[in-house]
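A lone chain, given as structure tokens: the form predicted on its own.
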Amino acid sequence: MLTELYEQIYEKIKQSNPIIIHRHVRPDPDALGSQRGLAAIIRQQFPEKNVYTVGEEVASLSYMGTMDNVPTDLYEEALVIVVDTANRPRIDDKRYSKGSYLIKIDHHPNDDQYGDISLVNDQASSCSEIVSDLSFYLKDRFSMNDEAARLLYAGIVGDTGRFLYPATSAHTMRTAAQLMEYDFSASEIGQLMNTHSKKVAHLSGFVLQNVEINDLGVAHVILTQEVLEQFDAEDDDTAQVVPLPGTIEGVICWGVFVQQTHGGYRCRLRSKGPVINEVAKRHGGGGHPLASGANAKDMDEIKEIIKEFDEAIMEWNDA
């Protein structure tokens, strides 16, 4: 089934011009890696085509390239490809719907089935792994290149937590090894991902000092607007501190709750075993079984999420 979809996507790319590639809001390395990596492959294979990547810029991920400014009238005849985005509300730049044809490439659970072609492999570690598979399957028809390999490798490293997360499979490692055969520095990618600004370093200290952990192993920390201002940090900076509670002995599930300027909270939720994406869905979010995002309107809803984490751990312990 996947190989049939690879062929369909290749034929549509071959037929189309222009091609505009989208991904999700608040992009991470996998969103940018799969987006710009796919663009790099298409540009090399079809140099006559106009290929664009759109969405907000993220200063901390500038090493993964910059986005293009695309006039709206280009969408009328465009093939639009959306990568690494489970549901339509999270697609960055709502003009994606103005294209003549839509392809979805993703590795999240397929709860929102959109696109004229939908390539979803929720067993893949990352969307960057899927784009790599597409290239390696098609071989000379859709050849990998140095820049694409660099970007896709970064995406895989980012979404596997440097190969620590359970979604890291033997296939993931083989794919990463294939990408490392191209001319880029894998160690440089690792160093860039492991280098934080001073404000993020100080925010990390706050998280470790203020995280609360209950007897069941649920940890949480709340980052208010006052805390962010204290460290001159923004919402995007908090992505880098999300793994920290999970490094503490005894923590099984955790949440980093970031107050937004409108007053609600962005909930970054993680687990080492219990499935938590169902919890996220009940609070306006979703994602992977062990890594999800949600929203809370106030402290009462945060307490509800923590209680549901307690219940998830108890069910997991009884299984």
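Just so you know, these numbers come straight off a predicted model, no measurement behind them. Just count from 1 along the sequence shown to find any residue number.
Beyond the structure shown, there is the form predicted together with a small molecule, which is absent from this document and is the topic of what follows.
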query: The small molecule in the model of the complex: contacted by all of Pro29, Ser60 and Lys199, heavy atom 4.5 Å; finding: no
query: Partner-contacting position among Gly55, Pro274, Gly65, Gly287 - heavy atom within 4.5 Å of the small molecule in the model of the complex; finding: Gly287
query: Contact of Gln259 with the small molecule in the model of the complex (heavy atom, 4.5 Å); finding: no
query: Interface membership of His108, the small molecule in the model of the complex, 4.5 Å heavy atom rule; finding: yes
query: Asn295 within 4.5 Å of the small molecule in the model of the complex, heavy atoms; finding: yes
query: Exercise: Asn87 in contact with the small molecule in the model of the complex, heavy atom 4.5 Å; finding: yes
query: Region of this chain that lies against the small molecule in the model of the complex, out of 39 to 47, 263 to 271, 247 to 255, 65 to 73 [heavy atom, 4.5 Å]; finding: 263 to 271
